[in-house]
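We begin with a single chain expressed as structure tokens, specifically the form predicted on its own.
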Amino acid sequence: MKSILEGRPALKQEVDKVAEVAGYLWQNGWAERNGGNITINITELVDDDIRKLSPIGPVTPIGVTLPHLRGGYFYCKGTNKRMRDLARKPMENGSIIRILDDCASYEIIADNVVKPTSELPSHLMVHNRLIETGSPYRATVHTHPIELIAMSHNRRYMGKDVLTNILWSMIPETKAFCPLGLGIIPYELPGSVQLAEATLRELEEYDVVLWEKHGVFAKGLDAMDAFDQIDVLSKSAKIYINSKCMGFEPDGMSQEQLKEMSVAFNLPK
């Protein structure tokens, strides 16, 4: 059977980025078993022939009405699918869905009947908000970075911007490449409406948020952009934890040095 990606280089490029990122998540140890999710908005890459495609799966309710997604198209990792498998065969471990006119349901149009992630409502709620606000961001990534999750088990790191300032201070590139820092979301049941709503609120201020004792959720221009921000924050967490394991509290960059960075790189204060 011919893949929907054939003859569509721009669409293939975006799905290939997802596959590449999925491989990195697995290699980093952030995607055990079927852990993690990636969803990208591919509406702008869809042509008339794709719009005419008949569904290959049943109409499925999203569980929430999202008015800004009407007629939108998304590539989604499949539920119970492994990132390491998606990295090799993205169209066998993920699918392309079409949001129907009721803005409350979807249908699979390609390539296989792979049911999207169970956290699809959370991802689509974020995409709905991104479209509503005119954001250029088209990707959402959820994964389980070891060191960041470990730090979320200590209550003293969970105050607003406490971790942001620790991570920024570990290496100059962290503030340069993650200028908004890291949002914090207290523990909520995975896949719950409460977690989705809390994530939506926190993403108004941050590009990456930490789900306490669970993982991180990031938005970005594409899958690689979202991954890069998580990767940079994780590097800072490694530096901090390695310093603690060596028996000392790392000095970190001073507030004056961080302000100097902000001015030099024209970053948010």
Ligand code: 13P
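Counting begins at 1, following the sequence as shown. What you see is a predicted model; the values in this text were computed from it and never measured.
One more form of this protein exists, namely the form predicted together with the ligand; it is left out here, but the text below deals with it.
Contact check at 4.5 Å (heavy atoms) against the ligand in the model of the complex: all three of Gly36, Lys77 and Thr117 pass. Put simply, of Pro179, Pro172, Pro190, Pro186 only one has a heavy atom within 4.5 Å of the ligand in the model of the complex, and it is Pro190.
In the model of the complex, His214 approaches the ligand with a heavy atom inside 4.5 Å. Using a 4.5 angstroms threshold between heavy atoms, His142 counts as touching the ligand in the model of the complex. The ligand is not drawn, but in the model of the complex it has no heavy atom within 4.5 Å of Arg138.
A residue is said to contact a partner when one of its heavy atoms sits within 4.5 Å of a partner heavy atom; His127 fails this definition for the ligand in the model of the complex, lying far away. Note on the interface: of 127 to 135, 102 to 110, 78 to 86, 154 to 162, the segment with non-hydrogen atoms within 4.5 angstroms of the ligand in the model of the complex is 78 to 86. Contacts between 167 to 183 and the ligand, taken as any heavy atom within 4.5 Å in the model of the complex, involve no residue at all.
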